[in-house]
Ligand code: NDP
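Let's start with one chain on its own, the form predicted alone, as structure tokens.
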Amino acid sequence: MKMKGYAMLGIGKTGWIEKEIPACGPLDAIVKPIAVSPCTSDVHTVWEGAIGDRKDMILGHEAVGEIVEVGALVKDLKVGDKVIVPAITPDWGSLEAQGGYSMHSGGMLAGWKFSNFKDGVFAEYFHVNEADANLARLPEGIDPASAVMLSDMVPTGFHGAELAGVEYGDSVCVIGIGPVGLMSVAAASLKGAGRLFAVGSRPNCVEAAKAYGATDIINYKNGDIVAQIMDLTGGKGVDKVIVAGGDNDTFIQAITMLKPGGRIGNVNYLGSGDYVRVPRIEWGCGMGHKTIAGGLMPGGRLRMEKLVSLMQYGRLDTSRLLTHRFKGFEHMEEALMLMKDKPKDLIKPVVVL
């Protein structure tokens, strides 16, 4: 049987295609989407060719859905269950997963399957490997549109705070307050940051950053962000930096504003360019104990269950991210183009099916 999907046709080209409904393996599930959201990663993939050319690959890696088929060896899930689908769906028996890096199971970044080397979730049906390990039930009373932020925005933003090693009382700067950066602000606040700087300029993002715990807003339109940080900290800089936006040269700013012994957590997808520049002197001539950690978010059921509990018990409100809501699959292209064009009032679009 055939299904429709919204796909990357080639670099710079997208459109609707038809494909066979995917087959379900013994450990796997077939899911029908309930709510999906496009991501800046989709934009990097299609219009920058960040991971190379892809032909007729269905896009999307953020979804909440309903299970329509499970494999014979699936134990914990059944047809009809509503589930949160993480963007990263590792192979949990791999050596990489056993070594603690499930997101790289099968090779670097290979835990990221959807819309990388496997058809994504912008389809009438999609396949999820190792369903018991990769899917989490959607609790009663949680809005699917808000819960779809748990697929990628929340775990990626939270991983930025984890990579940076945010601790109680730390001074923290989050560079970039799009949806991922906003979730980094929320995570840093939950992990006990003291003074929390958020770098951005769009009014709705600024207001959301304050609501998520930012104590200071740094507007790059008002001058160099490093100079502003140094002025506000008496020349000392910050303990931790989370990079959730910018470009390859953003690391120059991050390293410069970081105290010796500090950590940078990068969760920004660098979609173009060949090199990241590290300023020699500001990095302490290689001896400043300024650590740079960059990582793909972890996936899996356990992480999804922990993150959704923050929503259940009032610790995290992801609805602040949803600025544009659409009803119906036919709006998929419109939602994706919003992520590409990034109008000033956008934080995140969602399509409810």
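All residue numbers are counted from 1 along the displayed sequence. Just so we're clear, the structure is a prediction, and the values are computed from it rather than from any experiment.
Keep in mind that the form predicted together with the named molecule is not shown, yet the notes after this line are about it.
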Open item on the list: Given that the named molecule is not shown alongside this chain, does Asn116 nevertheless sit within 4.5 Å of it in the predicted bound form, heavy atom to heavy atom?
Closed with: no
Open item on the list: in the predicted bound form, does Gly200 come within 4.5 Å of the named molecule, counting heavy atoms only?
Closed with: yes
Open item on the list: Residue-level question: is His44 within 4.5 Å of the named molecule in the predicted bound form, judged on heavy atoms?
Closed with: yes
Open item on the list: I'd like to know if Trp283 sits close to the named molecule in the predicted bound form, meaning any non-hydrogen atom pair within 4.5 angstroms.
Closed with: no
Task: Which of 118-126, 94-102, 213-221, 78-86 lines the interface with the named molecule in the predicted bound form (heavy atom within 4.5 Å) - done: 213-221
- [ ] Answer with one of Leu258, Met149, Ala161, Ile175: the residue that has a non-hydrogen atom within 4.5 Å of the named molecule in the predicted bound form.
- [x] Ile175
Open item on the list: Which residue, Met304, Leu296, Val70, Ala35, is the contact with the named molecule in the predicted bound form, using a 4.5 Å heavy atom cutoff?
Closed with: Leu296
Open item on the list: Since the partner isn't included here, can you check whether the named molecule sits close to all of Gly165, Ala187 and Gly262 in the predicted bound form (heavy atom within 4.5 Å for each)?
Closed with: no
Task: Partner contacts in the predicted bound form for 137-172 (non-hydrogen atom within 4.5 angstroms of the named molecule) - done: Asp152, Met153, Thr156
